[in-house]
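The chain below stands alone and is given in structure tokens; this is the form predicted alone.
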């Protein structure tokens, strides 16, 4: 998995690319480091470039959401396609996360 971080005034977009698996746990720590923002800031995961996510990857999304809540950040996801969207739905994570259109 690769990622890019793009900051705007009131939000930060984190674009995930490739495959998100257990082996990306260390890389994901760098993603979480981007959560050092003031309370109320919006963190958005753009999943449009993510081709695959396994159960460990889903767990990383939960870690991100929990981190955002602890820091009083607004957390959302958007752009999940095909298998990634299907897995998020099957795991019922769409009920835990804000999913932007």
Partner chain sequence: MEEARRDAPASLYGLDLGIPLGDRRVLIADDSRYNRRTLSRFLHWAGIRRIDVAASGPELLDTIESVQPDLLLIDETLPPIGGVALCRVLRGDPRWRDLPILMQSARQTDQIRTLCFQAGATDLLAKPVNPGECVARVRYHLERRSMVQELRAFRDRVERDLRQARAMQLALVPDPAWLETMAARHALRVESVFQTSDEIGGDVWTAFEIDRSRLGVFVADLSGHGIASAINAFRLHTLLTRLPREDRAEPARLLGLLNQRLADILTVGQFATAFCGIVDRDADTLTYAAAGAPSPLLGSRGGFRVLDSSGLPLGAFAGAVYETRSTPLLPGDTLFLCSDGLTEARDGSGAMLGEEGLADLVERAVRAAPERPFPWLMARFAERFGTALADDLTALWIERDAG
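Predicted model, so just to flag it, every value in this text is computed and none were measured. Numbering follows the first chain given and starts at 1.
From this point on, the text means the form predicted in complex with the partner chain, which you will not see here.
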* Asked: residue 89 near the partner chain in the model of the complex, any heavy atom under 4.5 Å?
  -> yes
Can you check whether residue 63 is within 4.5 Å of the partner chain in the model of the complex, heavy atom basis?
yes
Query raised in the report: Is there a heavy atom of residue 93 lying 4.5 Å or less from a heavy atom of the partner chain in the model of the complex?
Result: yes
Within 4.5 Å, heavy atoms only: does residue 15 come near the partner chain in the model of the complex? no
Self-check item: Contact at 19, 83 and 97 by the partner chain in the model of the complex, all three, heavy atom at most 4.5 Å
Solution: yes
Of 56, 72, 48, 30, the only residue with a heavy atom within 4.5 Å of the partner chain in the model of the complex is 56
